[in-house]
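Just one chain follows, in the form predicted alone, and it is written as structure tokens.
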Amino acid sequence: MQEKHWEKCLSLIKDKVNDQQYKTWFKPIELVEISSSTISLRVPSRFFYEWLEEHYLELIDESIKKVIGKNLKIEYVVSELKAHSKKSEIRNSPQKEIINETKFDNLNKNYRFKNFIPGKCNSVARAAGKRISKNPGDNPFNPLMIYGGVGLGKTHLIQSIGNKISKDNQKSVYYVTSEKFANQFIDSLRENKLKDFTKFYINVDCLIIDDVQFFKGKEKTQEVFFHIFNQLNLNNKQIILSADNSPLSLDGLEQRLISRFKSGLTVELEKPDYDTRLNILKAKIKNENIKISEEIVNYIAIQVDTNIRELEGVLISLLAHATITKKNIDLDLAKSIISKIVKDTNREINIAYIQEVVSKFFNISIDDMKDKARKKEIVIARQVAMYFSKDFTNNSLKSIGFHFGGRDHSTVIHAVQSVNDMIDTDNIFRKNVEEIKKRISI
């Protein structure tokens, strides 16, 4: 009987997608079981269910509801092991939902420190998070506010802290977006359950609120959150917040609330540098067992310098296109995907970009290139980067020198002449310069 239910679901889905999409993303799914509140589905890989949730979850939910007659929580089983679950929308009131949740239920178990790739862009925030997870509430970083642009890993990091606290300290941890908090508050007023709402929040050991900038303009919500914040703080409970800007730039929030935000540690997540982007890609590729050449990985890391979400989006899209078309992932496909996902497709070739390409080619850091190091390989890399900065950009010699550790224009002139001399006398060096020029230009 359960199999027939799932077959009906697939039939409804088949009518809404094309044949290739159905064969690729739905035919491989196997039904495990259907209970009163849950449907378990076996899928080939973790990538597979991530793609389903990203692109087809609403369609699956809709089909299940039409066949079963109600919403069910979807669980995915990968290689006989239960993977992370995704809740369908729950029609019960938000207040009932939070009362029934256990301390672990609303944290994404995939968000952990072990798969949060470290780098200069997040080193302070990551270190603070680890410190907090050892002594939640009893540390100098309470509250912790992490801010930064879209797709830089704020949610991943704050939930990693929550998961670590849950595991190591057996503390009650609750993660909630500011929007959901506001909706719960409104429902509690409507249902005359404000005391229950407040009691729930002041009794958690660690409260994590994502995107607090969306409290903007919600005066009553800010007021109740202010009192909850104070009560948690008085009881040495850990508070972790995220926002898209620093507290000073959060318009529309009460000053007394902003003052509380600034009373602990405020730290920024910056855009990932080249090395961090490369490490993120390599970790994702290894985790998903994807076959992709080092040349293409390097190309993606150089071209996609906006945020982590776009970086992973390019990789997932590459794999999806290769799976559907049954073609290998090559440079042309990478260029095509990037042009559709990343806004900055007509990249300006600037000094920072040239430094990234050259440092990667010579396997040295950009900091070494800017430093006073006199090792031969570093000096050559620095001179080559200066050479291309003069060739590809309109920067003055003085400006180029400034970008290389504050060197003067005569150093740049010497570097350009040295590279020209080596091109004339060293065939291997000339080929290396040609290869670097090709990488800068693509």
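Being a predicted model, the structure only gives us computed values, none of them experimental. In case it trips you up, residue 1 is the first one in the sequence shown, and so on.
Absent from the display: the form predicted together with adenosine-5'-diphosphate. The rest refers to it.
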Is the gap between residue 117 and adenosine-5'-diphosphate in the predicted complex 4.5 Å or less for some heavy atom pair? yes
Answer yes if any heavy atom of residue 154 is within 4.5 Å of a heavy atom of adenosine-5'-diphosphate in the predicted complex; otherwise answer no. yes
How about residue 111 - does it come within 4.5 Å of adenosine-5'-diphosphate in the predicted complex, if we only consider non-hydrogen atoms? yes
For residue 179, is any heavy atom within 4.5 Å of adenosine-5'-diphosphate in the predicted complex, or not? no
Only one of these stretches, 254 to 262, 201 to 209, 233 to 241, 280 to 288, has heavy atoms within 4.5 Å of adenosine-5'-diphosphate in the predicted complex; which one is it? 280 to 288
Answer key, adenosine-5'-diphosphate contact in the predicted complex at 4.5 Å (heavy atoms) among 308, 318, 338, 267: the residue is 308
Which residue, 275, 223, 312, 196, is the contact with adenosine-5'-diphosphate in the predicted complex, using a 4.5 Å heavy atom cutoff? 312
